[in-house]
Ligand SMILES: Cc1cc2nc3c(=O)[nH]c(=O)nc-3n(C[C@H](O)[C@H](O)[C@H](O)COP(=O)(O)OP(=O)(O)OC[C@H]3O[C@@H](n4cnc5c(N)ncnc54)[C@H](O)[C@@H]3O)c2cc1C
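In structure tokens, the next block holds one chain alone, the form predicted on its own.
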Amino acid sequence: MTAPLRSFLAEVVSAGTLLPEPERARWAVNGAIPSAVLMPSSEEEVGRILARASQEGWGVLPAGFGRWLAGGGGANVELVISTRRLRDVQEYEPADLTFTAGAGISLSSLAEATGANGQWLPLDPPGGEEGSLGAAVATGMGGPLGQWYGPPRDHVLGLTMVSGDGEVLRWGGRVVKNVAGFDVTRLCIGSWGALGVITSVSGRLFPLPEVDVTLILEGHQRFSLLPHARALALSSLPLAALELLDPLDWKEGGSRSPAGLVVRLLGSREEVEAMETRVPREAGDAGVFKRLEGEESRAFHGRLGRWEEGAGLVLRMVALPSLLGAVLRLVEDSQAQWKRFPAQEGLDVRVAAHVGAGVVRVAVWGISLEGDGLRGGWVEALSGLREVLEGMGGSLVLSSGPAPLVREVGTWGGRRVEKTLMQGLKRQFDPQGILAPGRFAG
């Protein structure tokens, strides 16, 4: 820790903000323990910290509960700023189905606060409901519920963010209709903390469904289930979620099949019963669906939200939903290629496709960069995969992975004009480039 940083922490940071030194190891970023982990209790304190960090050139990584420290590309930082103390529900109007809450509130705590009024925020990002609201917005990644409810950007009405030079910026509010013009709020959603520290979020809620049912169709492999998945996606059924999983652990401690088609139905008892009758027919009479209801259904999706935990590499592949078969074929070809890399005997790959959105998540365990594993294998393979996807009009995002690999391949890819725009936005919100350095424009 440098002398200026030590002096700043001693003189400016309030009591309780600085995490005790023995606890910093849990907040390591790509194996490097930050000089300090700060948990401010107000937006003003976040502003003071960032203003000084900008002056001194200290690299800062915004965080919630620390679940995505390695996500979105590597960053060399001195400070981690966690929003976990900014967790109050500041405003909640059940009659308007709107709320404003601190970015550090967990999704489960928000669900508890709104559930008493029969309302909920239907967000199920990777990592599960124990993740923070701010992280869900900052990463911009939704889960299976996006099939019906849409991605995180569709739920956010406004937010407060502290920019890289310490200015507190507020956009939008607790209203469904806003003034016409450039939507800065959506610009910040999915920015991975590279434009500022999100400190509070205003969003819209939905009525809590009366019934929660999940139907699961097991299959020999993913391609045998694909026609049934596409048929359901093109049907008129208002499915809450439609997932194609390979492999499928449909019940913890129970049976395991090579692949599975997962259909989630939410609504009133009458609505769900009507949909449940139609699902097998709309799927093309594919076979017998297993059925989960209530807590059993919720527990299954809770496990599904955490299925990529501990993976060494997580990819997010996106293309038009009509090209899902082609994307899954790319995954299969890639798996065969990856297993030929050095030290890949124990490679394990899991695939989850959000069928209606055209998003395929790939989690890889057992990845090794030994020998020629980096430049002689993974870099070329993932760069080539990205090139093919972009040629299809899609994209490849490295949500998380080994820092050397992410640095070489880049997190997002994209055309030169897009990268130039991203870098220009970065300079406007973070003039000194202290926030998540190296993450946003990679």
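Please read all numbers here as calculations on a predicted model, not as lab measurements. Residues carry their position along the shown sequence, with the first being 1.
Keep in mind the form predicted together with the ligand is missing from the figure; the text below concerns it.
Stretch-level contact check against the ligand in the predicted bound form with heavy atoms at 4.5 Å: of 110 to 118, 279 to 287, 303 to 311, 331 to 339, the positive one is 303 to 311. The candidate spot formed by A135, G193 and S399 is fully in contact with the ligand in the predicted bound form: every one of the three has a heavy atom within 4.5 Å. Interface residue among S202, T214, Q147, T139 relative to the ligand in the predicted bound form, by the heavy atom within 4.5 Å criterion: T139.
This chain lacks the partner; the member of L225, A353, V263, V197 within 4.5 angstroms of the ligand in the predicted bound form by a non-hydrogen atom is V197. The shortest heavy atom separation between R67 and the ligand in the predicted bound form is within 4.5 Å. Although the partner is absent here, P126 lies within 4.5 Å of the ligand in the predicted bound form, judged by heavy atoms. Looking at V46, you'd find every heavy atom of it more than 4.5 angstroms from the ligand in the predicted bound form. Residue contact check for A63: one or more of its heavy atoms lie within 4.5 Å of the ligand in the predicted bound form.
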